[in-house]
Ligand SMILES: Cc1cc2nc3c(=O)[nH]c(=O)nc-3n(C[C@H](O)[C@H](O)[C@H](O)COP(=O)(O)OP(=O)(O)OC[C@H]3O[C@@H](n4cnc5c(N)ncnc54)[C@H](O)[C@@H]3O)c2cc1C
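In structure tokens, one chain follows: the form predicted alone.
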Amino acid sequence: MSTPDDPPPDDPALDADVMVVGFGPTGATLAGLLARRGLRVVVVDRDTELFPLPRAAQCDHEVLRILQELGCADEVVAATVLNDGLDFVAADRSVLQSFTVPALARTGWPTSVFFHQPSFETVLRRTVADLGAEVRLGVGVGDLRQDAQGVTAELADGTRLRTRYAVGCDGARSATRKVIGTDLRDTGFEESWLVVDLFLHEGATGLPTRCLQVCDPARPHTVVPMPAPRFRFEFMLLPGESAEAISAPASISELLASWLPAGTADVERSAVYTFHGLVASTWRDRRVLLAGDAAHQTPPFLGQGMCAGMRDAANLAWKLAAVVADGAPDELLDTYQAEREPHAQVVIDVAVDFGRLICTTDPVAAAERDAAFRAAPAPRPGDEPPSPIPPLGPGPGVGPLGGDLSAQPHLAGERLDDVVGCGFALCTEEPLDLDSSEATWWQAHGAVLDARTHPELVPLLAGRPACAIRPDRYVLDRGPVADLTERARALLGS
């Protein structure tokens, strides 16, 4: 692939507004959100079929809220099991520390659920197609060039695709990342783990019903309940241990022996993964951008890898739509990395620290860790563990009183986002003439909601006259309507 300052092609006609490279969860989410906003989207993926085996296993309430916008959240949730928390257990499986999360988050969705990824992606892909995105499977990108007007992709099947922008959602080995020419910053964390997905036989009992981090220095491992009849175990490779040796059927049987009687489950998939914490230095080069694992890679200890990619998609989709369809300044796209990189970096750092805590194999250090766990005050009933997901930092798209993910109350039986649609929302207690220039602007870009009529909105204001919510449901800012309008207009150039 290449991306010099090429002159425009002889035929500058556009085939679509945006090309999405990669049809995993991040690419599918981005394509669906763009299509829902009326953009012409083409997704290309070199694989012909959905990967049939599970990889990701958990998603959080923010991802479910993103799926709500796509229109498939209820169907996805129906096939999941609730994740009510996490136990750290010692080698003898006594509980060191237990954390419980509330069943429902402020977004109105389950705080966390476990899912079967192929089933999850099947629903997501069908939804994306129904929203009107064009999907080309079995077609890789052979070359990618950009110029002042757009991006030209030479596809592996000999065809050419011309779009305004291209977004690489093509995973950890991203070819699109090579077009941008960015390096990857390494956190220094690297551990290999064996992931074993089981298909339980009827009558298999005795397995934990919540996620366990087994802090056993002889073999750190993780236990993950999934929608029946599936179950997952993850085992850390020890120093000098090969992937081939630990993946052998006899070795897997030995690892599972203390958890499951022989013959009560079939191995659906086993694979060794090397977990990294990596962040690309540059996520955008003019008309080519990166999202998901192409931009950052998160160790799985918080279950945030796929979630982070889908957050990228939600952040980027409304900005691309504003630039392409509404005439917003191209500089709006610079806020994408500025907002998402620090956000992703915090999650990576927490996951790395979490991983180092779990991956302790020195018996003395492990004993000290366990003692510290036991000495720590036990969470009180109703206490929530601290969230690893920070607010967005201040910048052009986030004011000093913004950056938090907004709650989602019900208004007359409808969820807030369903009332608002895919635009901005202005929630206000300040009297507002609906014929005023401010009200006209907000109505043209989303919705105006009166908190005096809908008291459910009052908490969103946090004591200020009004609250402006962006299309990705993060708070733009809080304050007087005139100030919020001025900030939003400056952001969108309108």
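Note that residue numbering begins at 1 and tracks the sequence as displayed. Keep in mind that what you see is a predicted model, and the values were worked out from it rather than measured.
The discussion below concerns the form predicted in complex with the ligand, not included here.
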So which of Ala35, Ile66, Leu460, Ala57 gets a non-hydrogen atom within 4.5 Å of the ligand in the model of the complex?
Ala57
Tell me, which of Gly150, Gly399, Gly305, Gly355 has a heavy atom within 4.5 angstroms of the ligand in the model of the complex?
Gly305
Which is the contacting stretch out of 47-55, 66-74, 421-429, 462-470, given heavy atoms within 4.5 Å of the ligand in the model of the complex?
47-55
The ligand contact in the model of the complex: Val195, any heavy atom under 4.5 Å:
yes
Using heavy atoms and a 4.5 Å limit, would one call Ala317 a contact residue for the ligand in the model of the complex?
no
Although the partner isn't part of this model, could you tell me whether Leu289 comes within 4.5 Å of the ligand in the model of the complex, counting any heavy atom of the residue?
no
Can you tell me if Thr107 lies within 4.5 angstroms of the ligand in the model of the complex, counting non-hydrogen atoms only?
no
Using a 4.5 Å cut-off on heavy atoms, which residues of 238-258 contact the ligand in the model of the complex?
none
